[in-house]
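Taking the form predicted on its own, here's one chain by itself in structure tokens.
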């Protein structure tokens, strides 16, 4: 009953925020046009939440609803819109996820590449276990590797290249370093030391003008999360605050997800 009440409260809050979105933002924009709007972090988030409801293709909304059901995935609706905008604009040929839960992001990437008609070599690093961190705990009864396979089959998708290991292991470091990633998504362990190591490893293996999206990293920013969102956790937020602006530019922030582009 509590879960139903929570969902209803979030739905009401989402509709209220959509009604408060300025009229000039209630239209479909691409990433470059959106960037020129010079919106606050909160406005960017609300725009992407609105985008999900009004402009995201039905099959991608259905994908999000599948993973939202029965606790199959975390995240927020606005993040599907964020990935849509990023894949539409950058059309990445390579994409890496650090930290896989049940496959929501890596399956979405494959669907986006199919939608926009380009090939994307998708890879991931994850122990596929219930191991947590100082702020997160995970269900112990799930076989996460088998579950990811099941969820790929659900959408008729091939599996990505997989490194089944902690991101801090030598095996994972070798796997990540072997690529030149155009997009890397850091969504693994939230403790500062691990998030920092993930950032440094991915940054070193990033292609020129590549993008790193850092999850749960918007504490100490001007983002004011509505009831259906959060600003993230201390560890990744500290990593984001320490990123060298001479090397990376922040090009998009959607809630607690922040996208940084390598300058050369």
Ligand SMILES: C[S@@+](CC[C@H](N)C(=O)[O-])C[C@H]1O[C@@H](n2cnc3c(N)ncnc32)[C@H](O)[C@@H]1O
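Positions refer to the first chain, counted from 1. Everything numeric here is computed off the predicted structure, so don't read it as measured data.
Note that the form predicted together with this ligand isn't included here; everything after this is about it.
Annotated contact segment (heavy atom within 4.5 Å of this ligand in the predicted bound form): 100-108, selected among 115-123, 87-95, 100-108, 151-159. Contact check for residue 142: every heavy atom lies farther than 4.5 Å from this ligand in the predicted bound form. Not displayed here, this ligand is kept clear of residue 78 by more than 4.5 Å at the level of heavy atoms in the predicted bound form.
Among heavy atoms of residue 166, some come within 4.5 Å of this ligand in the predicted bound form. Contact between residue 173 and this ligand in the predicted bound form is not found at the 4.5 Å heavy atom cutoff. Contacts between 182-196 and this ligand, taken as any heavy atom within 4.5 Å in the predicted bound form, involve 185, 187, 188, 189, 190, 194.
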